[in-house]
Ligand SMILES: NC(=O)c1ccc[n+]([C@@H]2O[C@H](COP(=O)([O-])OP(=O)(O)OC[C@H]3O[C@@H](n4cnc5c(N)ncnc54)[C@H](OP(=O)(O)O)[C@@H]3O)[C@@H](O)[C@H]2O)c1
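Given next, in structure tokens, is a single chain: the form predicted on its own.
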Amino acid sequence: MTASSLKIIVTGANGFLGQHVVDSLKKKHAVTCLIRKKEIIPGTETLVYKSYGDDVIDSAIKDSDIIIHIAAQLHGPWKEMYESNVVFTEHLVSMASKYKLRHFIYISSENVTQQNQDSYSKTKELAEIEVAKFPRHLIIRPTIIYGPGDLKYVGRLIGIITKYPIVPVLGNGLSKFQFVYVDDLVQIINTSIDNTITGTFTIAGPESICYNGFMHQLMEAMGTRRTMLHFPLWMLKPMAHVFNLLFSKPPLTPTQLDNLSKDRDYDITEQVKLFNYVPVSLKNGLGRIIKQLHEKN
């Protein structure tokens, strides 16, 4: 079944992925953005909610066809994380069931597949259980998302490479990752909407590459070279545990270090066929980011 113009709710619309999703959806659909911070998102109806049981959420869902739930809390005390990532999701699913929405799309995390025990991974896993109660659900577990506007990962690395002659690398840099370009994820969401695709999928990019190789490709895209200085993970783990206790948004976490010691190697053949898209290569994706940065400057 192909969708015409629909009424779609997007949570987390002012985040990195949310902005890209909304920019694409609003070209065809009526988009309502549910956010916590007062902000105008052009081309949409922007609603600010104060709590997870806010009436504004109920009234918005009542008149909608689809929910795309992207919002998530990454760090914080367990109770706070549980309320943000699980209780809020449970409420959205309940409202979607009450008003018989046609589709519930949830952006989870690859972390769920890695048996991580941190609060973020566990609450995403518990949230998936809630989403699965809705009969027409799609759970997407993306790997590391990158693209224009990303300040958390690739954007931060670009800043380090630009400013410093030596680039720190956590671990030996040999573990493999499978970065997914943000436009690929947007295309997957659009195809899911048009065809009401359901199920649970880990979404990865086309190449599995070690971290050292990724850094070399990034520096090549930037047209520069830097010396990489490796820090053993065993040296960093005590520091990460201290950061996790002291900071609400720690610069380094034990889970991040655990992830650096695991290889990712996903076969995306079926994913590409099902969602009908051509994945962006890492080289082209990084090139697009650098090109946009040059255009801005």
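Since this is a predicted model, take the numbers as computed values, not measurements. In case it trips you up, residue 1 is the first one in the sequence shown, and so on.
The same protein also exists as the form predicted together with the ligand; that form is not shown, yet it is the one meant from here on.
> Pick from 71, 204, 112, 101: which has a non-hydrogen atom within 4.5 Å of the ligand in the model of the complex?
Selected option: 71.
> Check each of 231, 266, 49, 243 and return the one that places a heavy atom within 4.5 angstroms of the ligand in the model of the complex.
Of the listed residues, the single hit is 49.
> So in the model of the complex, does any heavy atom of residue 279 sit within 4.5 Å of the ligand?
Contact with the ligand, no.
> Would residue 17 show up as a contact with the ligand in the model of the complex if we use heavy atoms at 4.5 Å?
Residue 17 belongs to the contact set for the ligand.
> Does the 4.5 Å heavy atom contact test between residue 153 and the ligand in the model of the complex come out positive?
Output for residue 153 is yes: heavy atoms within 4.5 Å of the ligand.
> Does any part of residue 28 reach within 4.5 Å of the ligand in the model of the complex? Heavy atoms only, please.
Contact with the ligand, no.
> Is the ligand close enough to 148, 190 and 273 in the model of the complex that each of the three has a heavy atom within 4.5 Å of it?
Checking in the model of the complex: none of 148, 190 and 273 is within 4.5 Å of the ligand.
> Picking from 92 to 100, 135 to 143, 208 to 216, 155 to 163, which part of the chain touches the ligand in the model of the complex when contact means heavy atoms within 4.5 Å?
In short, 135 to 143.
> Counting only heavy atoms, which residues in 118 to 134 are within 4.5 Å of the ligand in the model of the complex?
Residues within 4.5 Å: 120, 124.
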